[in-house]
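Form predicted alone, single chain, as structure tokens, below.
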Amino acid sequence: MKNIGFIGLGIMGKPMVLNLLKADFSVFVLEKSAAASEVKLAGAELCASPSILVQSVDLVITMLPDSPEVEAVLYGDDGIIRHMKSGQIFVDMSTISPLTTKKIHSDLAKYGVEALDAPVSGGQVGAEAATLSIMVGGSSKAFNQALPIFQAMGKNIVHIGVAGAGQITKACNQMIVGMTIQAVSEAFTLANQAGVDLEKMREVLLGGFAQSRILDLHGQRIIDRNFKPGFKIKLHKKDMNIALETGNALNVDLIGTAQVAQQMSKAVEMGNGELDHSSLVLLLEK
């Protein structure tokens, strides 16, 4: 599968496309995308509409903000589901509801199209470096066909299980990341209020049991006051709500997730929705 359609050239999608081009895949994107001209210079082909894009490719990838955007691409006025053919593969690398994902898998199967839910973790840094963790739900056959494509964008690539398993795993990832950001933010706010040197505290904590990638990267962001988005807090709030909805459907009480989701909602209401999710610390400081 050498011809790839890619829909969603945002903070994550654009570098993912650039890495696919570096790996000598032919990539087709929508010409109306904000980053279309930039990826065209790198070798991408531009298409006037989703229906035209899908006719030129073996596999379609979406990397979009939420379930409604993915559903619009599939089922909208120029929805690709009516134009996809048996043998093609649809890969959703967005983070969306597992319930929506299962419906998409079922609907595409009626057209002979296999679907994979393949959300990612690693943020903008991982997307640019092609080191994303990719967690995949769907059939083994479709996973093996898409694996070389995943390998051009990530390093830790795992076939989790059946349809929706990738999205469930991503929801769990976002729960852990969100609650860890909250913990780091609280710790740094407390230490700063007590007059403790945050740089030195971060250094010693990274050598102990509190060590984490969040403490390493986002701890430094907090110290540097660098909240340029690698992953926007409004999107993490969305992901926490997906986890809560899934927990509700499965009768699992996610107390910590609910508390952090509420904090993120307050941060968005405060006007920080476009900032990096590490900016959660600003709510605590306020």
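The first residue of the shown sequence is 1; numbering continues from there. Quantities reported herein were computed from a predicted structural model and do not represent experimental measurements.
As for the form predicted together with a small molecule, it is not shown, yet the points below apply to it.
Peer 1: Taking heavy atoms only, is G230 within 4.5 angstroms of the small molecule in the predicted bound form?
Peer 2: Contact check for G230: yes, within 4.5 Å of the small molecule in the predicted bound form.
Peer 1: Can any non-hydrogen atom of G123 be found within 4.5 angstroms of the small molecule in the predicted bound form?
Peer 2: Contact check for G123: yes, within 4.5 Å of the small molecule in the predicted bound form.
Peer 1: Residue-level contact is defined here as any heavy atom of the residue lying within 4.5 Å of the small molecule in the predicted bound form; does K238 satisfy this criterion?
Peer 2: Yes.
Peer 1: Report yes if any heavy atom of I149 sits within 4.5 Å of a heavy atom of the small molecule in the predicted bound form; otherwise report no.
Peer 2: Looking in the predicted bound form, residue contacts with the small molecule do not include I149, since no heavy atom lies within 4.5 Å.
Peer 1: Within 4.5 Å, heavy atoms only, one stretch in 52-60, 36-44, 247-255, 65-73 touches the small molecule in the predicted bound form. Which?
Peer 2: Checking each option against the 4.5 Å cut-off leaves 65-73.
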